[in-house]
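Coming up is one lone chain in structure tokens, specifically the form predicted alone.
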């Protein structure tokens, strides 16, 4: 497990974007061999998406041969609703890059048979050859995707009832009206994300500090689902200084002492112009 600590949100976002860029370019995707990327929504990955759009506009990266699978979507929220995750992904990322819309997969929370939709999503991931790199964010209670506290650590894509804390946290996107916040969602499972060849989790801000402590310094615990990724052979946690506030000083020192190694993952940063 790697823990990459950057000074602030912008630097953490840039490091993550450079890492995604390097992984895609080094993979050398083609029409016969797509790079498969798992993606989150929310405020944390926004800066990373902005950097990736910048790299695309500069001609340094292409998403032509990239397939994406998003982590989750609300149940019963129209796709065109400004707070749906379809809207978030298209407005903040997909419409600004050269990805084929047919290759951008997002769960549909408006179908009649939600369980069939979840099973089909798992099948699509398998047919794509599995996820090469799954990028995720977490909630203050340590949930990844909508795998709320108490979720099975071997769970697959399914329908989930949202925890009260999550509904309250999301109320700011719905005019602070709790009655308008969806109470259910479709989400990939912890096991679904664990199956990815590599996982990168973005954690920024002091309000996520306790969750990072639970993820790094304590044992695997289904009440803090992000802690499961201690068991993944290739996990990178990317965080800012504020997110480390609950970690022991020696933990922070230890991982900061490895930054010269971690920075080799993004320096040099590759470009398709060089290929």
Partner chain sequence: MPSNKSVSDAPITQFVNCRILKDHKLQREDLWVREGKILDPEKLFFDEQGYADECVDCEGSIIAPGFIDVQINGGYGIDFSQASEDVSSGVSFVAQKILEHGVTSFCPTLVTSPPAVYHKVLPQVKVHNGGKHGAGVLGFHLEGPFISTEKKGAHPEKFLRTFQNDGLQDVMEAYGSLDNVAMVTLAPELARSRSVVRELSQMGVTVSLGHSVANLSQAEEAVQHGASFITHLFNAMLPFHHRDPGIVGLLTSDQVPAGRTVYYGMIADGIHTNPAALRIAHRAHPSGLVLVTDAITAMGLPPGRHTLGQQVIEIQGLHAYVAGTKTLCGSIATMDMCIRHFKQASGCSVEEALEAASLHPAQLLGISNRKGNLDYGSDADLVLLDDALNVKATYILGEEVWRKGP
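A quick note: this is a predicted structure, and the numbers were derived from the prediction, not measured. Numbering follows the first chain given and starts at 1.
Below, we refer to the form predicted together with its partner chain, which is not included among the displayed structures.
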| query | finding |
| --- | --- |
| Option from 95-103, 133-141, 162-170, 182-190 whose residues, in the predicted bound form, bring a heavy atom within 4.5 Å of its partner chain | 95-103 |
| Residue contact check: residue 174 to its partner chain in the predicted bound form, 4.5 Å heavy atom | no |
| Contact flag, residue 87 vs its partner chain in the predicted bound form, heavy atom cut 4.5 Å | yes |
| Partner proximity in the predicted bound form: residue 197 to its partner chain, non-hydrogen atom cutoff 4.5 Å | no |
| Any non-hydrogen atom of residue 79 within 4.5 angstroms of its partner chain in the predicted bound form | yes |
